[in-house]
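Only one chain comes next, encoded as structure tokens, the form predicted alone.
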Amino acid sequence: MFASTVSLSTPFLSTLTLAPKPECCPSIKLVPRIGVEKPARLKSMIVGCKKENQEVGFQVGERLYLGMDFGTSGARYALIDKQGTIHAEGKREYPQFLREERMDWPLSWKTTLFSLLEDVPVHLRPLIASISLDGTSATTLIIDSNTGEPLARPYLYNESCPDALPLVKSIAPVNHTVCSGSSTLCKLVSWWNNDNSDKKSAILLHQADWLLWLLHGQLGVSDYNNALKVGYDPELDSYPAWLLSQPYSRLLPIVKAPGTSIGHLTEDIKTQFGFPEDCVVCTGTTDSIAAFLAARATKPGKAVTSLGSTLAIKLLSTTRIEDARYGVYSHRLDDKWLVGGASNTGGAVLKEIFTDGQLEKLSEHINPMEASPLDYYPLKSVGERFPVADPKMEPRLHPRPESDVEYLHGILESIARIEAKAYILLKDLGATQVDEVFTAGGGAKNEKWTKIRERILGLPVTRATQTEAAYGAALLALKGAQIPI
């Protein structure tokens, strides 16, 4: 359970306010910093300025909290104070390392982690009290428990292991979250049955767990958000008996609440980067949950729709919902539940048809208060996950009208109808009814789309103040710093 003194579901996030910029710094400076890997692109924003060798806005004893987000194509960091003000942030693309003609993801992630630490402004590092990070959900590593090195290539978030699905379905409850080929448990079972390496020294970690281990040095620690798709029961706060009875259960990590202090930084990391002696490392979470935390949707009925490459929905509910038939599952968040799912529709479909410039110009001519007669189901390829779980669903993007404005209008409105269907499904399954939607992701910038969604959802729709998952991870670091190890 999250500590009540820094609850992430009610008072903690709702009291965070962004402090105004110091008057001596009228604009944010874009400061390039040289990191470990030259091919990795970096944009670092350092907020604040020095005056007589003191950081403006800092008080004696002021501490900072570092969060990092490891997404699908790159990573970001955000450095905040206890009021939630951002003092520095930056991003890196993953460098391309190949091993045996395959992408060496662990090396790429590790290099990026150290590059981000190097990118944190040197004069701010001694102020950092704690660190946390998020990773992509169900990205799975099988690790040697003696060395921490991967025993096999990672199973990425979007990989499926259909060979393991019948076995998983034979032991798990009907419609459980793990009953999906892309679940962490299916990946573990597939590795267990097909890999001939020594299983005695193996341990399972998620992407976030492994990266955090590089900082604190204690193998075998996870959080209950990342562990959900391996079968951990966050309501019971334990692995279920049906999972523990399996021979591979000894590979499972111990599980703590997100934002729990694990231990101090290793001496090597503190020495290399100049972090303070008391800097702690805290358990992380998944990227989508970190993004939800960043949006500060703090009460039941508040939801976040992420309009990125795909359409992802998360709703804060007093009731837990799990139903693999519809791609619906719940993450624990304090004493509440974060319910939702992810559709394959979204921005990736739009970008296959229109350029960014076209999307902006065409949107200007759309009347969002006028309903489009076009009925599409925009998908990039065959298959849908949520609110309909149908691996054979075909994309529907025809007929195409002569007017590109009408075509874009029809696509935007069709995606909005899918979003509305998703929220209706969650309510029908027993979740708290949505009453307000915050928007994250690139689609949040399109004001005409926002108006279309408001009309179809019949709800207020606003752009989230903070949309970066790294900010949510920093909030977890802040939480962990306030709880003794």
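Nothing here was measured: the structure is a model prediction, and the numbers come from that model. In this text, residue numbers run from 1 along the sequence as written. Between two forms, the rigid core is the largest collection of C-alphas that superpose within 1.5 Å.
Heads up, the form predicted together with a small molecule isn't pictured, but that's what we're talking about next.
Colleague: Hey, with the small molecule in the predicted bound form, do 63, 268 and 482 all fall inside the 4.5 Å heavy atom range?
Modeller: No: none of 63, 268 and 482 comes within 4.5 Å of the small molecule in the predicted bound form.
Colleague: Does residue 350 reach the small molecule in the predicted bound form, with heavy atoms at most 4.5 Å apart?
Modeller: Residue 350: contacts the small molecule in the predicted bound form.
Colleague: Can you tell me if residue 85 lies within 4.5 angstroms of the small molecule in the predicted bound form, counting non-hydrogen atoms only?
Modeller: So residue 85 does not count as contacting the small molecule.
Colleague: I'd like to know if residue 308 sits close to the small molecule in the predicted bound form, meaning any non-hydrogen atom pair within 4.5 angstroms.
Modeller: Yes.
Colleague: Hey, in the predicted bound form, does residue 302 get a heavy atom within 4.5 angstroms of the small molecule?
Modeller: Outside the cut-off, so no.
Colleague: Which of 389-397, 68-76, 98-106, 160-168 has heavy atoms within 4.5 Å of the small molecule in the predicted bound form?
Modeller: This holds for exactly one stretch, 68-76.
Colleague: Could you work out which of 421, 455, 427, 445 is the residue within 4.5 angstroms of the small molecule in the predicted bound form, going by heavy atoms?
Modeller: It is 445 that has a heavy atom within 4.5 Å of the partner.
Colleague: Could you spot which one of 364, 356, 370, 277 gets a heavy atom to within 4.5 Å of the small molecule in the predicted bound form?
Modeller: Looking at the other structure, the residue within range turns out to be 356.
Colleague: Establish whether a shift of 2 Å or more occurs at the C-alpha of residue 142 between the shown form and the other one, with the two forms superposed on the rigid core.
Modeller: Shift of 2 Å or more: no.
Colleague: I want to check residue 231: does it shift between the shown form and the other one by 2 Å or more at the Cα, with the core superposed?
Modeller: Where the cores coincide, residue 231 shows only a C-alpha shift between the shown form and the other one that is less than 2 Å.
Colleague: Any CA movement of 2 Å or more for residue 355 between the shown form and the other one, core superposed?
Modeller: Where the cores coincide, residue 355 still shows a C-alpha shift between the shown form and the other one that is 2 Å or more.
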